[in-house]
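Single chain ahead, written as structure tokens, the form predicted on its own.
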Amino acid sequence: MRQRRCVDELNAALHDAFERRSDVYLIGEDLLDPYGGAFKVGAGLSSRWPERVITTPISEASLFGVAAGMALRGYRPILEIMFGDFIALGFDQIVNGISKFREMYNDQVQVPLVVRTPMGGRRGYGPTHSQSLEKFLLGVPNVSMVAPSEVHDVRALLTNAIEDDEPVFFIENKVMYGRPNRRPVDGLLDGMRCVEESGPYPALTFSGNDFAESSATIVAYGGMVPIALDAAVQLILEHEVFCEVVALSRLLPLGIDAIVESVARSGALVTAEEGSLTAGVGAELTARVQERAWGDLRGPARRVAAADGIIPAAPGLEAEALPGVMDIVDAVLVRQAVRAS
């Protein structure tokens, strides 16, 4: 059966939610058909439910406030921020309102708000439309952050986010939209064995040698997952080095059970993210794994990330700034050399 594109699966999840619940609204910029949003995730919704798709002026800070108010009144708004770079304009609403309302009002209110937004580069959009800003949400309490990849069930993840009673930031990688949602079948994907966690936002763990002892655990999310899987295959074919890949879908609250289980087999940790290196998701993951699994690690963790700087628009320069397959391969081989010395 032909695999559908990730954008089509996300669109189907929205149509399902609108069909199932009368309290679901979509709010954001340029959402009306025939445009249907910058990446067409909301295509067709305004034609079927014109009263529940609210297209707005360009004012992200206001959009966060309106969406939060709707959630407090009992609706389940889905806020589309056209580019993830602009969540920065809503940080006061996020940090001092959305994340605090439930506790400030003694659990008498809920904020079932989903913020959908594309993140990441590799499209040549330049410094202000290509960033991955997930790390800036890591310290915000009482919110969830979900970052699907093309090998996750993206339709189920978005459906679960819409049903969540807490605020959820749903981070969609731009490159993922046009790619097939190639999920594992019978525990296999492209010859790699896969184990899926339980729960609404599961991690997937992949192994090229049926979970026998491996040389490293590579942890990735979002757009870095297919790159990490490609690196794992290259390590097998060119270096006879077997690694496990843990593909996270939830970054906040940050669960590391699947990572700890994998590190117990590999003894080594490599994190891969498209955001910049300093104070990144990889730094938090590394710290938490070392707290729980210090005895299993046989050397220092390695972090693969974007350069600490702006992301150029020129394709060649952008490729240099963002992490790729060889960056992960080199990080694993360095760990191999450290272990052997």
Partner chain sequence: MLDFYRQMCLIRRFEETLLEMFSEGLLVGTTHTCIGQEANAVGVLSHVDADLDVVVSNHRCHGHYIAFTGDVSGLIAEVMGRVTGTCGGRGGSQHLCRGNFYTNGVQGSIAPLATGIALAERERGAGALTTVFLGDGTLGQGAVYECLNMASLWSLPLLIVVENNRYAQTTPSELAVSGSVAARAEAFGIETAELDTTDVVQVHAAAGAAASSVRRSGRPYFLVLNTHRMAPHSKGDDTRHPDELEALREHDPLRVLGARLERSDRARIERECREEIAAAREAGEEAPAAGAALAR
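Residue numbers count along the first chain shown, from 1. Keep in mind that this is a model prediction, so the values were computed, not measured.
There is also a form predicted together with its partner chain; it is not shown, and the following applies to it.
- A heavy atom within 4.5 Å of its partner chain in the predicted complex is found for exactly one of 197, 92, 230, 163: 92.
- Only one of the listed residues (260, 236, 138, 109) places a non-hydrogen atom within 4.5 angstroms of its partner chain in the predicted complex, and that residue is 109.
- Mapping the unseen interface onto this chain, residue 65 counts among the residues with a heavy atom inside 4.5 Å of its partner chain in the predicted complex.
- Not displayed here, its partner chain is approached by residue 25 to within 4.5 Å at the level of heavy atoms in the predicted complex.
- Within 4.5 Å of any heavy atom of its partner chain in the predicted complex lies no heavy atom of residue 189.
- Although the partner is absent here, residue 70 is a contact residue: one of its heavy atoms lies within 4.5 angstroms of its partner chain in the predicted complex.
- Comment: 98-106 is the region of 246-254, 202-210, 180-188, 98-106 lying near its partner chain in the predicted complex, near meaning a non-hydrogen atom within 4.5 Å.
- Residues from 257-292 do not approach its partner chain in the predicted complex: none has a non-hydrogen atom within 4.5 Å of it.
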